[in-house]
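Below you will find one chain, with nothing else, as structure tokens; this is the form predicted alone, and questions on how it binds or moves follow later.
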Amino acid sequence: MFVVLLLLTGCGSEVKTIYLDEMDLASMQTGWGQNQLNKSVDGNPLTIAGQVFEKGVGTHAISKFMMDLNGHGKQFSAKVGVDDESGDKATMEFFVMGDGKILWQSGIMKKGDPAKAVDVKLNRIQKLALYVSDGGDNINYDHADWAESIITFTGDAPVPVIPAKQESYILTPPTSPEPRINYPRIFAAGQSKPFLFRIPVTGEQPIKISATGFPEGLKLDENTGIISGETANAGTCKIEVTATNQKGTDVKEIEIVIGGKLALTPPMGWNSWNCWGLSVDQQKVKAAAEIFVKSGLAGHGCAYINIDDGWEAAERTKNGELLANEKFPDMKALADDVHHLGLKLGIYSSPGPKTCGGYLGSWEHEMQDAQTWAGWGIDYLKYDWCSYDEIAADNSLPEYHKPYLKMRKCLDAINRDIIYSLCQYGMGNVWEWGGEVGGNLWRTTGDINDSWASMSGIGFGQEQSSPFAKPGNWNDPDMLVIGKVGWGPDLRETKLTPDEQYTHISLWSLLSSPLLIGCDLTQMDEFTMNLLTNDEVIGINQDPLGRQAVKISDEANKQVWMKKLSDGSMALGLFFTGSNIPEEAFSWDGNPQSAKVGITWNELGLQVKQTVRDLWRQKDLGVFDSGFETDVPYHGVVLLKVSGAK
């Protein structure tokens, strides 16, 4: 509802006001969570340096909102600042822009700084934009408040500018009806421990699979491609696998390593958190496993079905045994069902007394829980720091190491391979020591969400961890946020545009990151399947050399990342990230943005002509003498493979 002021302009028209929280803010972008009206982004009273404001909008950096004033604006006023609920290291900067120019900026603001008053004249301004930057330190609990935000205007009210929705487009060629043996092509298991590996094969069914050179104790089901059994023969063997159907035959070599590190390539699969949150249950997990096979995802290498938080019973038994709650009536039967499909089952716990969701953690029951999980048939453990803050004496490295070393010893004592995923959000530069405490992978960052600010801030912030990635030890920038997500029972389409989703998958593949799908698999559309089933892109992620990409070039709004591959070639990601300059963060004329992004062979240390292949389109682009340059869409990518021309 507008408030009409008893004030007349020189031409006799009324001057009216509208509060920002009275507008339709559906198009207001936020770096995390949801924008809140008259509340902070966490749903608390708007509070800046102890001062509470009744009206305003709570958001999270990086935040963007544009409105069309049509030249009718008179004034914009507000009180802005860092909400008191923010993290102690939160920094941000507020900008008010009009028609491509900065009209007001706050300077860098920190938690505890008093609110700053905004008072901007809007005469003749056509488009007004509000922007909150991350202060240059990446988004980290950067909760921003536009308190008491008021626009005065004459004539028609301001109208939010809603960016045109980008239509999805499919680049991955259709899966060939001929049989094809895909990635991973190397697999590790423990000596004299249950072995399970589903050979990833696509093509028109039925497909018969045969192999030679197995270690003693292992057997192959020729109809499913599932290898199972147990072998005491430590070492490495190479088996020759043949897949045949009515359309043809494919032969590939697969390497089996017994008795060494697990996870010699980044784990691929699904995790329940980004779609179901705490509403996960046994039927949802079983459905995900079945979809893996029916949809063909298992044929493209997806193997892990991981249950996140929310499965634990409220109390342990008298003997201290941890049970599943009523949502999971038979965890052992669930594991058996998943294993029958040739897939693996993962679970979640915390070294503290409680999980992040308030369920029972493994504190003082570590060995007992490891034995329980082994008895159920668990293959993967995500071990989340959560309430261990209550236990840790301080923030020293020995305290960070302690709970993870303790569980590592327990996992080593059971007769089952369990991939060990450390989840403690990058504290103490975990990438430098995660392998030393026995982790197969470790989170390098806070939780991801489906905003460009979150995904890009995390993905493009991984350079410092690159030297520490290798087979069996992977940096984990969190799960994928494509498809239908929601973190609870109510799902919605990801907020990432199609271009941003291509960037997401390309970047995670270059980074040798675990590829854990976070959407509801039962509602995947053709576009999402296209993102998850491109075997040339997956091959970059699953390359056995195990290198993580490094940043080669970084201009104001363009980046080039390079990953060395086992065949001597290189994978390149050419990204148009968009500018960090606030004025350039908006499309003032409404037209799609793009940019030329390129690299010279000299920058890559190459001296000869190179063949360039587009990996998404699976198409050779030609031989190039000195480098390569191409158009890249806004927040998009061109993913290439570069190899010496023959």
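Quick note: we count residues from 1 along the sequence shown, nothing fancier. What you are looking at is a predicted structure, and each value in this text was computed from that prediction instead of being measured.
Although not depicted, the form predicted in complex with alpha-D-galactopyranose (GLA) is the subject of the following passage.
- Out of the listed residues Y348, W270, W561, W474, Y348 is the one that sits within 4.5 Å of alpha-D-galactopyranose (GLA) in the model of the complex by at least one heavy atom.
- With the partner omitted here, the residue from D384, D369, E500, D450 that has a non-hydrogen atom within 4.5 angstroms of alpha-D-galactopyranose (GLA) in the model of the complex is D384.
- This chain is displayed without alpha-D-galactopyranose (GLA), yet in the model of the complex the stretch 303-311 from 391-399, 204-212, 303-311, 165-173 comes within 4.5 Å of it by heavy atoms.
- In the model of the complex, alpha-D-galactopyranose (GLA) lies within 4.5 Å of some heavy atom of R443.
- Although the partner is absent here, A90 lies well away from alpha-D-galactopyranose (GLA) in the model of the complex, with no heavy atom inside 4.5 Å.
- None of the heavy atoms of L496 is located within 4.5 Å of alpha-D-galactopyranose (GLA) in the model of the complex.
- At a distance threshold of 4.5 angstroms between non-hydrogen atoms, Y425 is in contact with alpha-D-galactopyranose (GLA) in the model of the complex.
- Taking a 4.5 Å heavy atom cutoff to alpha-D-galactopyranose (GLA) in the model of the complex, the contacting residues in 334-357 are Y348, C356, G357.
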